[in-house]
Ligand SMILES: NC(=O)c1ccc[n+]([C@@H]2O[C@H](COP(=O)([O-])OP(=O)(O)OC[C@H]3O[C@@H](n4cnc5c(N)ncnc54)[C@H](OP(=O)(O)O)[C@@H]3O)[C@@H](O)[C@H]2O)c1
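As a starting point, one isolated chain is supplied in C-alpha cells, in the form predicted on its own.
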C-alpha cells in the first residue's frame, strides 16, 4: 500500500514485491563506508529534504566534515541540532542555486574557511510537469529548472574544482533515469535541464579522470520523495524508496562506480531503437484522449 500524500511527504521506505524486483539495491557495508569517508570533506547540495537530508543524516555519524547547501534554513538548523553529539563537523550554507550571487558568496565562504572538498554530491533538483500550452506565460519555469539542475551546479563545481583536483576527489551527480529514455511530453523543462548537466559532466569526465578525479553518474528512477510525490498520480507508480536511493549513493562513494541505473533501463531504449515511432504515437494517442 502506497503512503498517502501529505504536504510534508514522509517515505516509510517500504517496498512492494514488484518494487523490490525493479529496484534491487544491496545494503551498505558500514565498515567499508567508514573507511571511504573518514576524514573527508563532503559537500551535498539539496540537503534540506528527501535524499539529501537522509544522506546528510547518515554521514553525520562518521568523522567527516559535512558542507550542507540548501535553501530551507529551518531544515538546515534541524540537521545542526540532530548532529550536535555526533562525530561530524558540520557547515551549513543557505544558498539558492538559481542565484549566481549566492553561489559566489558560498564559494567565498568555502575559500575563507579553507575547506578542501573531497566529495561533491550534486543532489539539488527541481522537477516540474506542465504541458506546453500551459507554459506560454511561464518561461520562468524553464529558467528555474535550468538554473537549479544545470547552470547552478556547473557554477558551483567550477568554483570548487581546483580543491577537488588537489584532493584527487570524487564528483557524484544525482541524475534522473529519464534523461537516458525517450523524451516525454510535459517534461520539457525538467528533462532538458537534467540532460544538460548530465551531458556537460560526461563531456568533462575524461579530463577530470585524467586529473585523478572520479566521476559517478547516478540515474535514479522515480524515487518516493517530497519532490516527486507532490504529483499524486505518481503514488500508484512503482518507485524506489528513499533509503535505497541513498544506499546507491553510499555504494558509489565506496566503490567509485562510474554509473548506476536500474537493470531494466536498457529495455525501453532497445524498443525505441526497434520501433522509433512507437512511443511518439502512444503519446499522441494519450494527448488526444485528454481533449
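Positions refer to the first chain, counted from 1. Note that the structure is predicted; figures quoted are calculated from it, not measured.
Quick note: we don't show the form predicted together with the named molecule, though the next part is all about it.
Although the named molecule is omitted here, in the model of the complex none of 27, 172 and 243 has a heavy atom within 4.5 Å of it.
With the partner removed from view, the residue among 116, 86, 71, 130 that has a non-hydrogen atom within 4.5 Å of the named molecule in the model of the complex turns out to be 71. Though the named molecule is absent from this view, in the model of the complex it lies within 4.5 Å of a heavy atom of just one residue from 157, 189, 176, 110, which is 176. Here the chain stands alone, but in the model of the complex its contact with the named molecule, taken as any heavy atom within 4.5 Å, falls in 120-128 among 134-142, 120-128, 163-171, 201-209. In the model of the complex, residue 223 approaches the named molecule with a heavy atom inside 4.5 Å. Contact check for residue 49: a heavy atom falls within 4.5 Å of the named molecule in the model of the complex. Taking the partner from elsewhere, residue 217 is found to have every heavy atom lying beyond 4.5 Å of the named molecule in the model of the complex. Looking at residue 227, you'd find a heavy atom of it within 4.5 angstroms of the named molecule in the model of the complex. Annotation for 139-168: the only interface residue with the named molecule in the model of the complex is 148 [heavy atom within 4.5 Å].
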